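Next up: just one chain, as structure tokens, the form predicted alone.
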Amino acid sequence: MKINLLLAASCFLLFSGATNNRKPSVKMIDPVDFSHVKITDNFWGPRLKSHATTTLAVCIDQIENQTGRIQNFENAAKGEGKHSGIFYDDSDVYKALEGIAYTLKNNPDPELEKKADEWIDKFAAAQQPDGYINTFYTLTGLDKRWRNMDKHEMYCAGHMTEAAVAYYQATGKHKLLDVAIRMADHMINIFGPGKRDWVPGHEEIELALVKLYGVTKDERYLNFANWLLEERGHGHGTKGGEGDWNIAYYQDDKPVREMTDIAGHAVRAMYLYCGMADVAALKNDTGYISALNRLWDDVVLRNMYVTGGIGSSHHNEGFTEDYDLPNYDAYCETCASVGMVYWNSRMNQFTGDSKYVDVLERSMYNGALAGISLSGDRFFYVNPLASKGKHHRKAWYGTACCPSQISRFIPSIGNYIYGTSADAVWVNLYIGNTSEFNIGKTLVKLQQETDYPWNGTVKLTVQSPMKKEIRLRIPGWCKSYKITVNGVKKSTAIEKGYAVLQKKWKAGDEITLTMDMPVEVVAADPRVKEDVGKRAIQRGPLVYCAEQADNANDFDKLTLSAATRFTTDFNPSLLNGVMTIKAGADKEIMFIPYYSWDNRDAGEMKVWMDYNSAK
């Protein structure tokens, strides 16, 4: 929703396998991989444990026993049997495997690794001699492959490639990486300048190819990603489908560097923008970056919900017109919120501007985190901002992109905490952890202690001597804060939302950031017709909602006013421990964090409350 508080290269060069004389990356910041970060706090720590013990088990059971997804690979390897499910179901298996890989990075588990190896053996056996791998077409007719741009062949290949890179990095095993390389080579043999045009109906392969380039250093994969991006907006898509090709829905209405407004399917758009950002960073493509800046303004200022969710329409799982942000009918697919995290992380790396992390954090704590139950075994596909009591999480979906998406996202949240540049450590998120990484030849060891998001106090202990700036993000929601170094209050320069601390740091130095975290009453942009005369409640990074379980009587009549006063209380026995907000009005209203709704008895819910400005 709109919220007012947030504000071609020649064919030869394009596909040459030789190293191009590219300019250095335009990124200001490199992310610190989560394998260097051990999360220790009481908010994310239990969720990581639940993911490893419960969420992955649910995904494995569904994939192996309930849905036939693994059976598809077994049948494809034998070249006999039927394909069960939908043509893109392979992707869910790959995403779950990626989640397994991320879990193994920080929590080695021989049995879990054995399970992953079993799956990889099945994938490798299902690959065709020419490198092609896709169980749907292997079992329904290889003669039909590469005829329909919306049949997700490259989408599935992209998720396999991401899983392959993740598993290689986690274990050093390259069997699946070899499968991904053969599939990428197969595609490059068919498509490209002087060969066939192709516009993937569902983006994903573009960013995956950049990851493959990252581990192989083979320029062909980066150049192929670039070529696929450049294929958009030239009418190729209308020639490659078996049905209607809606150019706006598929982000194919104009060349990507000319894009100004988000349109079509929300998740596809997020993956497209991530692919553009990855290619732009490596090829120093300022045209892509300019387009991404325009698109970001359109998404965040005119098409984003207060929860950081995007995509208001069930009809196209995406967008209609600016400021059309219904609450009961909001789509806000979990995958799209995760996509917002991915994209905004990349935008922050370009610019060193904290506004992108503000949106990342909003999407992560609200839009994405709501996608999984507190027990870790049920999932939302759609995340409305109001419910009459009929919308509930499910154990799985026919289209299971969201459960498998969450299964790979949760264990990788450590990716977003820190960044580095030549002269600085960038602290983006406040999550209790210990970390150890290098900036050039300098060893950096940090310990972060905090009860965030319930409390705004963060203590950062430097555990190794270094001479680097430490840049602390001051969140956009924070209006008042204090910084001390070894107990002494410091006045600091603020650059693009970061407090800059310069010192020759010694082991044992302590930085304390204390952020006031009052309850905020948030108004939507007045052009959002759905929210005229309403307000939402936010505290820190969390958006709150009222649920009927706490407000049993006259739920439809709950009202806030200018005179309403708020109190907060941490309840360790409610919803795995949450900070509740109570609004003292004519009738007391209790609010809980939006991510925690629908974990108790069924009932109504709403984020936006009627508001009486006269009182």
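The numbering used is simple: start at 1 and walk along the sequence shown. Just so we're clear, the structure is a prediction, and the values are computed from it rather than from any experiment.
There is another form of this protein, the form predicted in complex with beta-L-arabinofuranose, and it is not shown here; the text below is about that form.
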For beta-L-arabinofuranose in the predicted bound form, the stretch among 357-365, 116-124, 265-273, 211-219 with residues bearing a heavy atom within 4.5 Å is 265-273
Determine whether any heavy atom of residue 153 comes within 4.5 Å of a heavy atom of beta-L-arabinofuranose in the predicted bound form, and answer yes or no.
no
State yes or no: in the predicted bound form, is some non-hydrogen atom of residue 98 no more than 4.5 angstroms from a non-hydrogen atom of beta-L-arabinofuranose?
no
Is residue 472 close to beta-L-arabinofuranose in the predicted bound form, meaning a heavy atom pair under 4.5 Å apart or at it?
no
Can any non-hydrogen atom of residue 202 be found within 4.5 angstroms of beta-L-arabinofuranose in the predicted bound form?
yes
Tell me whether 317, 333 and 381, taken together, all sit within 4.5 Å of beta-L-arabinofuranose in the predicted bound form, counting heavy atoms only.
yes
Using heavy atoms only and a 4.5 Å cut-off, determine which of 438, 286, 399, 189 is in contact with beta-L-arabinofuranose in the predicted bound form.
399
beta-L-arabinofuranose isn't shown here, but in the predicted bound form which of 224, 250, 73, 88 has a heavy atom within 4.5 Å of it?
88
